[in-house]
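What follows is a single chain, given as structure tokens, in the form predicted on its own.
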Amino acid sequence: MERIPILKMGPFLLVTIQVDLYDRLALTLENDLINMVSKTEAKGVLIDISAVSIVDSFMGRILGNIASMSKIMDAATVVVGMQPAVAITLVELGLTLSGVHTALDVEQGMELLRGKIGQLDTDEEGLYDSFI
């Protein structure tokens, strides 16, 4: 069975989608990615969709599901490289991708994730201070 590679980069997971996702592959990616978040205790997931030229409502829901499940597991999700046609399609389908942060490219996406981790560290410090 075909799989999308998931790379660990420090506290983050990087997924680069280089093929058009059919339904079974998208579901496999969703499952593999959530398992990797749990296994590695990743703090962020970066999904590069720059090679994706078309998206349907199912793929949009999968991205939203990944973000929601990752958030529950204490990991932020950033999608990068979205082509204008993909953005237009998502809006026309009425998919807002709640919980999904976006950036133009991988570099900006990694910077956004680093900022999110910084916010989490600050929030956690404040939480512990209130109990002391």
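When you see a residue number, it is the position in the sequence shown, counting from 1. A quick note: this is a predicted structure, and the numbers were derived from the prediction, not measured.
The form predicted together with a further copy of the same chain is left out here; the points below concern that form.
Taken together, the three residues Gln18, Val106 and Met110 all lie with some non-hydrogen atom within 4.5 angstroms of a further copy of the same chain in the predicted bound form. Remark: Ser38 does not count among the residues lining a further copy of the same chain in the predicted bound form, judged by a heavy atom distance of 4.5 Å or less.
a further copy of the same chain is not drawn, but in the predicted bound form it has a heavy atom within 4.5 Å of Ser50. In the predicted bound form, Ile117 stays away from a further copy of the same chain, with no heavy atom inside 4.5 Å. Contact residues in stretch 5-20 (any heavy atom within 4.5 Å of a further copy of the same chain, taken in the predicted bound form) are Pro5, Leu7, Lys8, Met9, Gly10, Leu14, Thr16, Gln18, Val19, Asp20.
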